[in-house]
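The form predicted alone is given below as one chain in structure tokens.
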Amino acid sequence: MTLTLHSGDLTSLKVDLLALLCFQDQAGAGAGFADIDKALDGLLGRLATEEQFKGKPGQTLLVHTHGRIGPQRVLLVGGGARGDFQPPDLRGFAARAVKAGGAAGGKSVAVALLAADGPANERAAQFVAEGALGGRYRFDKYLTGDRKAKDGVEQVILALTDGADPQTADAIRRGLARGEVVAAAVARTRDLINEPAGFMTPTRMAEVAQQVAKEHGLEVKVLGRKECQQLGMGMFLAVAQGSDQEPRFIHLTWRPKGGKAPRKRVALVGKGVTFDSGGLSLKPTDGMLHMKADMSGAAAVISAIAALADLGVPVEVHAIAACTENMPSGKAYKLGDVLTSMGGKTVEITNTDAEGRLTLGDALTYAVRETKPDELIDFATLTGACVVALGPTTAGVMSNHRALAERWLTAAREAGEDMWPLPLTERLKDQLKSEVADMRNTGERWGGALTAGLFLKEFVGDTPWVHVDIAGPANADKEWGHLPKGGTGFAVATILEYLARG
């Protein structure tokens, strides 16, 4: 798909579909609406009234122009109340336009916007690009015949209704280019998550990481079982021992080019359980059905670091993923086992389905020791308790460093990803006390997301750290806006937003 800029008259624009964003109670005041309505002798306004199009969120109205103007079809898209609409919402607008254009058999789609100041134009263009490319995403690798997705929209034009001076045009082109980079990273993440677990094994994840390193000029290190044993990763290897698939511990590194000292060093750690059966604490079928997505954190950090060279991020970044399956077998780790972590802490196992925190614990220790980061951020589909607390579209954020957490949450808001702070209540640490080891791997039912965060906190020391529980938003059970059903690529946009700030 190509992304281009058009400035000026919309009525002569030769496209299969033109999308206009209209706000609630101002349905006739959207960018380009008046010009298109005038060229159609008031038809657009009359149809909007007859069809009771009010510009409500998600509301659409498609009008065929029958050759009276350049665009063959005009799509009105409701944006809701103007004051509630945020720049990241442009992703949903662009995605709806692309989907409507594709459904109509179109190849070219234009989305109309008013010009604003330079930074606002650049951001708007970025979100339009992300939405357009995200709206076209399909994981149809295993579909055949008529179910295979047909070629869809090939060109998206960002049309400014009030013209664009050279400075504005340059800002928009920068935004479109940045949006393409972010969208590509998100799409890669979705592909990794959507692959069946029988294909996307730990070994395959390592191969993907090595290919990413080759394509983007990154350093890569992949550790096998023997190397992890030498490092003392007792928790990670215990989870891995029940599976016939070999574990892989992945470490990718991005260093800014040009010989300049990086502004800081950031380690990103992603949970990489490529299939989680629950181990001997076996999940029911419904609970296991989407567990190929339990490596969403690893997919996010691997894909995000691939985009850093294209974005010119001035930060040294390490992406770390401890990849394994969690399977039941005669070799599987057992309830009551006591494991020794890489950091030396001993852990009593009270639930083998609380495996993610074990793999992450050793990965966090490795990150602190081997990369000595200024900041440490982990991403994990860690607890159902977080989904109970915040719902399926919002990630929970916990931290030992208030300023870092606030910077991270600000980046999430700017990127348009829903995240919410949760407390690491010290009183809940009593739930992790063990009579036979330094700690146990699970607490009581209540506050399960928080006790998981408290468990991880034991392995980061004094390093400023943020834990992002993405159990809800990493995988969607239905399509919404620019997000597809299945793997969403959640957290990638925020990672890139945060790192680009330096």
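All values reported here derive from a predicted model rather than from experimental measurement. Residue indices: 1-based, along the sequence shown.
Keep in mind the form predicted in complex with a small molecule is missing from the figure; the text below concerns it.
By the heavy atom within 4.5 Å rule, which residue out of K292, R357, R248, R190 makes contact with the small molecule in the model of the complex? It is R357 that has a heavy atom within 4.5 Å of the partner.
Could you work out which of L382, L75, L376, A125 is the residue within 4.5 angstroms of the small molecule in the model of the complex, going by heavy atoms? That would be L382.
Does the small molecule get within 4.5 angstroms of any non-hydrogen atom of N351 in the model of the complex? Yes, N351 is a contact residue.
With the cut-off set at 4.5 Å between non-hydrogen atoms, does K283 touch the small molecule in the model of the complex? Output for K283 is yes: heavy atoms within 4.5 Å of the small molecule.
Do L450 and the small molecule share at least one heavy atom pair within 4.5 Å in the model of the complex? Judged by the heavy-atom cut-off of 4.5 Å, L450 is well away from the small molecule in the model of the complex.
Contact label in the model of the complex: D276 to the small molecule, heavy atom within 4.5 Å: Looking in the model of the complex, residue contacts with the small molecule include D276, since a heavy atom lies within 4.5 Å.
Please determine, with the chain shown alone, which of 67-75, 418-426, 384-392, 398-406 has non-hydrogen atoms within 4.5 Å of the small molecule in the model of the complex. Single hit among the candidates: 384-392.
At 4.5 angstroms, heavy atoms only, are A306, H318 and T494 all close to the small molecule in the model of the complex? No, because A306, H318 and T494 lack any heavy atom that approaches the small molecule to within 4.5 Å in the model of the complex.
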